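Below, in structure tokens: the form predicted alone, a single chain.
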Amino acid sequence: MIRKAALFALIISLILVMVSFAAEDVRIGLVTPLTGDVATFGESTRNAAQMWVDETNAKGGLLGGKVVLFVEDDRNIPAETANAVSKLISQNKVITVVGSVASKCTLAGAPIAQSSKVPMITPTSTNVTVTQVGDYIFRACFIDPFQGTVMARYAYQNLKAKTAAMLYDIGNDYTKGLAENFKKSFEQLGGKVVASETYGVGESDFSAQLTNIRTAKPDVLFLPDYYNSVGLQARQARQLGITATFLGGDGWDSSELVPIAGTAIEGGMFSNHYAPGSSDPIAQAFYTNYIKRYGSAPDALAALAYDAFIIVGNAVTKAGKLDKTAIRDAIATTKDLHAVSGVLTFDANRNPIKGAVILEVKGGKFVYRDTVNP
């Protein structure tokens, strides 16, 4: 009886030792708009994130531990983003936060992550001020000055446009940043912005602004908002007889753009982070696996979200431990990392050095047109 008891005690001790040495779960938070005005962005982001997590766990996880994803819906509302980031850090004890989509939301959550010294990486927030919040804040996408410059250069040099007009949301950091940088670059090249019209959040009737733009007769009309607003603007512009070529940014990238805009958006062009059809093995595998899993082609939002998780996974492995500061340092020193949207290296401001693609709406589809490098 004594021997059995001793043996039982030994087994229990071994189990406790094994448990104590068991790898810790890798807890990662995701903040994204699953509902609200840009819900398709949130769906793409969540899909890519979950795919990466499942693929990583199937390969053994990170540092031997299982990756656990905590998802919060911020509805594309800054106050909700702040609450979500606080919850993920204080309640879910995440080591990293990925999110959010829109710059205005990321700017609301970033100070919380910074003060808590938790690395935060946004897949898609392009406003230049995002990473200026602090040294724990990163992004997986290019920034507005580059995106605005790309479209201004393309309009002037490739489309031979001499005059341009702009219509943008004055209260949105993303649209305002794109418009300001487009204007600066276009005029530096020798072009002239002949009309600059603004509107507020939630507006859906742009007839007054578009009437003023029609009078100016621009060669191109820069519409740097998200797909839901751009679709309405394109329809109303064509109905008023505006014949300018529509240009925009990555906010156009949604399967809902053409259904909303109809044929009015045909021939429009926008800058983006990713174009399907890359010969790179990582990009090909991502594209194939995404379609197989979700039944539709991934957009740039999905590609950038997947890239953000690649960056995090690489940093955790490089750090060799679940220490937030070590992970932050590993992200900051990321160099020549192969991801879906290209090879990434972070600059001193924690922005990735990477190129942009120009896509054209042709036959109701987004067709690759050109690549513009830094």
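Computed from a predicted structure; not experimentally measured. The first residue of the sequence shown is number 1, and the count goes up from there.
The discussion below concerns the form predicted together with a small molecule, not included here.
So in the predicted bound form, does any heavy atom of Val101 sit within 4.5 Å of the small molecule? Heavy-atom contact with the small molecule at 4.5 Å: present for Val101.
Using a 4.5 Å heavy atom cut-off, state whether Asp74 contacts the small molecule in the predicted bound form. So Asp74 does not count as contacting the small molecule.
Would Leu301 count as a contact of the small molecule in the predicted bound form, using a 4.5 angstroms cut-off between non-hydrogen atoms? Answer yes; at least one heavy atom of Leu301 falls within 4.5 Å of the small molecule in the predicted bound form.
4.5 angstroms heavy atom contact with the small molecule in the predicted bound form for Tyr226: Heavy-atom contact with the small molecule at 4.5 Å: present for Tyr226.
Tell me which stretch of 285 to 293, 80 to 88, 156 to 164, 120 to 128 has a heavy atom within 4.5 angstroms of the small molecule in the predicted bound form. Correct option: 120 to 128.
Within 4.5 Å of the small molecule in the predicted bound form, all of Gly148, Lys176 and Phe186 (non-hydrogen atom): Contact check failed for every one of Gly148, Lys176 and Phe186.
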